[in-house]
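A single chain, nothing else alongside it, follows as structure tokens in the form predicted alone.
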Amino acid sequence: MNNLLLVPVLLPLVCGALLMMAARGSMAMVRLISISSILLLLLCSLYLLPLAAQGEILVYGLGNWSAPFGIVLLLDRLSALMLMVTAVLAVFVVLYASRGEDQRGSYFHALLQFQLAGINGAFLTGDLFNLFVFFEILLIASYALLLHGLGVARIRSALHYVILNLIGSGLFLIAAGLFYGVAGTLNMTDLALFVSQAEGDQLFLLEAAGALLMLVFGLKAAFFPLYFWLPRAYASATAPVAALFAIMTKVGLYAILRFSTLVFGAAAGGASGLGTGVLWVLALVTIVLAILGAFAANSLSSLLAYLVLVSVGTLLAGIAVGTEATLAASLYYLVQSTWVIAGLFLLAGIVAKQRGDLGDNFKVGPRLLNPNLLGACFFLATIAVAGLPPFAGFFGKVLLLQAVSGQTAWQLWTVVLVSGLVGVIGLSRAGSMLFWRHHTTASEAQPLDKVTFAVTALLLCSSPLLVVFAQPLVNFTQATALQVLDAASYLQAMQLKEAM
């Protein structure tokens, strides 16, 4: 067993507890501990990525207890990729927040660490119950992070967010109870084996539990009709928190992908492909409604929140089709959309500070102190996020469009291309309002912090870098798609673990 599989969960948990105790001490020490922990997390994820790339599925049983009695962690290409995406994002978020944003509320760094523990645990766990536990850890931390900086808007949006997610948690427990009552296990691999052999009433109950679970994951991923909480919540969060939340919807999509391929995949017999037809329709509707919301947004952060939903719909479309090519394209698109939208949230925070009380609202305000620098960053980032050449957003969408065929092709081509055009118009409107139109009234603008700008610019540079390294990344995502579609390899890895 490779004990390093524990590090992405244990390290932020331990550091989070340490930071809770050190919160009343020196802020410099708190930041040093938090940044060091996240850099170690990045190193660990960079070590695990090539390990997973060798193709072997690593299974770790805590306390050497085998499934279904013990807690099982599972590392494959998909979980390693998600760990790396999260760790890279966390590095930029913590560096940005450490320039003063972390002092707008209490326990920012501790909550950040707890949220990373929950996210990483969700990507690594191999059973349903612990997926629920890690979901709760990341959600509880996100409730408090959403309130970071306080304010009426944040409290109101946090209240909706908390209520909806508590309902989701209740439904999750009901679904898990159904699975356990019928199958006698919550281990995902054991569930996959049981579902493939189920018939009659057992199969009906398992499908009902699966549908309930997809509903819960849909709430986390925020696709239609379960997305209404997201725009207000993300738009009201502080810049580093909103940037970190860019990975939150991907946790729900990851869970859908894991369950739809492993438990309800091609080997699931009568339950094979559970709900994928519905997911396809919901994906297209999500893209259409999200881009309309982005077009009608009244602030940059609100517009970006709707762009998160556009990326959710696009990724869900690839998962719903479920072929090797669409999954590979979706994973490539996931990486770039997460990092670029997170970078745009950080940029929105910088722009808001230079517009005084107007923030990033689309109203004519005072001239920015650095309009050319910030405008250039915004222009390049919008090209990337809208999916125009030559950046990674364009390649991601092209890969996905090339991967579909038949009737689904013209549906996806139409929705993606039209939404891209509307998105460009909406982003152009935002850019002209924020960077070109201004009055001569003096503002209370804060001078540009060079470190926060450098951090933001570097994160936005991920888009051209993903073009430069497109071939190795596409090779990795293609191998990842092949692996997640091969449910037998997970069963074999689990049996090997139990035999040891």
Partner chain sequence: MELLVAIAIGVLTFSGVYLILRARTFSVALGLTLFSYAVNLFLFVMGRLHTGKPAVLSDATNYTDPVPQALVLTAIVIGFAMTAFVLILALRAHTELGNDHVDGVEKPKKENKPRRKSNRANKKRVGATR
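Being a predicted model, the structure only gives us computed values, none of them experimental. Numbering follows the first chain given and starts at 1.
The following text describes the form predicted in complex with its partner chain, which does not appear among the structures shown.
query: Does every residue of 203, 217 and 251 put a non-hydrogen atom within 4.5 angstroms of its partner chain in the model of the complex?
result: Contact check failed for every one of 203, 217 and 251.
- request: Check each of 410, 295, 379, 143 and return the one that places a heavy atom within 4.5 angstroms of its partner chain in the model of the complex.
  value: By the 4.5 Å heavy-atom cutoff, the listed residue in contact is 143.
- request: Taking 4.5 Å between heavy atoms as the contact cutoff, choose which of 132, 224, 280, 394 touches its partner chain in the model of the complex.
  value: Here the answer is residue option 132.
query: Looking at 117-125, 284-292, 91-99, 170-178, which one sits within 4.5 Å of its partner chain in the model of the complex if you count heavy atoms only?
result: Flagged stretch: 170-178.
message: Can you work out whether residue 158 and its partner chain are in contact in the model of the complex, taking contact to mean some heavy atom pair no more than 4.5 Å apart?
response: Result yes; residue 158 sits at the interface with its partner chain in the model of the complex.
- prompt: Is there a heavy atom of residue 415 lying 4.5 Å or less from a heavy atom of its partner chain in the model of the complex?
  reply: Flag for residue 415 set to no.
field: its partner chain contact at residue 186 in the model of the complex, heavy atom, 4.5 Å
entry: Because a heavy atom of residue 186 falls inside 4.5 Å of its partner chain in the model of the complex, the answer is yes.
- request: Report whether the minimum heavy atom distance between residue 374 and its partner chain in the model of the complex is within 4.5 Å.
  value: Answer no; every heavy atom of residue 374 is more than 4.5 Å from its partner chain in the model of the complex.
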